[in-house]
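The chain below stands alone, shown as structure tokens; this is the form predicted alone.
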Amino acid sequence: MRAFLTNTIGGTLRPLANPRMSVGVGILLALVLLGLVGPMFVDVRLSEPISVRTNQPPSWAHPLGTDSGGRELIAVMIAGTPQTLKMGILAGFIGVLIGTFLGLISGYFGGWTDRIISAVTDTMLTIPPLAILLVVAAAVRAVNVESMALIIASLSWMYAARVVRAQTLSLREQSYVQMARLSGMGHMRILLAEIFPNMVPIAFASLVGATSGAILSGMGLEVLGLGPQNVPTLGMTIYWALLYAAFSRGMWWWWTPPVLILVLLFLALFLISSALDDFANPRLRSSR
């Protein structure tokens, strides 16, 4: 048990020494602090419609200007960034949780269980996710951040299931797993105590990638107007900018802030995913 804890804690902390991980986590923390500390300096109630004068350019009174709906854009950014992160992380976590569970069951037990789960996974991979997201999101009348996360998570578990299944197929033939079976250890205990700890780096890497994909999918829905109408998010801010022709009207302060925040967010997730991939991928780790 002591060796297991040492390897697990050491393996978890090792990627933190990667410069890309440090930069990515730093950017991500800065965006999180924007939502945590920002309300101390800016009244987030100004993110509601008809709160301030409309179409005001950036000034001392309005640092990021206002939009055509009478919203203070700096308040929208402070209130909307955490909502976008919440949607992405929640959808990514649920999707990876489902995929990891199905991948473990499929790879370990094999047989008809593996055939059924693999068939469902392969079938879901052939269906364009955006088409299903559009149909489901359009059918759900009251869309909020949580329901959007559930919709996206229902279509983002397949890649994690495939990766975990492939790794489980290899691990179940290892000698320590065979010894656990001979000692009378139950299947679920073998999965949780012997196989799952080796999946933690892969699960974390999949989580970061799934979060990035969930944010991108959510952005696609929001830009099409299928996002939460009563909650400020980065995607809905871009949607309103497009709806009111902010580009052609020269209102650069309306769409530039959410685009820049999204660029920083995807950059942070890419750096974190790259650092975790170096750690989780044995070939990359050995080459370095």
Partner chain sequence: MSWSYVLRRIAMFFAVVLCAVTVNFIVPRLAPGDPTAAVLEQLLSRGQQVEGAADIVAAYRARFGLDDPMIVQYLRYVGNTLTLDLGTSISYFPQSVTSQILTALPWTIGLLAISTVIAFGLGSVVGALLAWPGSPHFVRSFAPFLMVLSAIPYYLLALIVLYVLAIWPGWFPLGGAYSGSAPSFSLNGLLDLLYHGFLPGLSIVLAGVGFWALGMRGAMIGVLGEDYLTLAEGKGLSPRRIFFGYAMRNALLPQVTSLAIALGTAASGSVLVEVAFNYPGIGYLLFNALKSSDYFLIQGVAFFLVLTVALSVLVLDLIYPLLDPRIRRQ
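These numbers were taken from a predicted model, which means no experiment stands behind them. Positions refer to the first chain, counted from 1.
The same protein has a further form, the form predicted in complex with its partner chain, not shown here; the description that follows concerns it.
The stretch among 170 to 178, 127 to 135, 77 to 85, 198 to 206 whose residues place heavy atoms within 4.5 Å of its partner chain in the predicted complex is 127 to 135. Although the partner is absent here, residue 159 is a contact residue: one of its heavy atoms lies within 4.5 angstroms of its partner chain in the predicted complex. Residue contact with its partner chain in the predicted complex: residue 182 places no heavy atom within 4.5 Å of it.
Within 4.5 Å of any heavy atom of its partner chain in the predicted complex lies no heavy atom of residue 188. Taking non-hydrogen atoms only, residue 97 never approaches its partner chain to within 4.5 angstroms in the predicted complex. Note on contacts: among 243, 61, 50, 40, the single residue with a heavy atom within 4.5 Å of its partner chain in the predicted complex is 243. Note on the partner interface in the predicted complex: the residue among 150, 89, 166, 216 having a heavy atom within 4.5 angstroms of its partner chain is 216.
The partner is not shown here, but in the predicted complex the stretch 194 to 230 reaches within 4.5 angstroms of its partner chain through a heavy atom at 216, 219, 220, 223, 224, 226.
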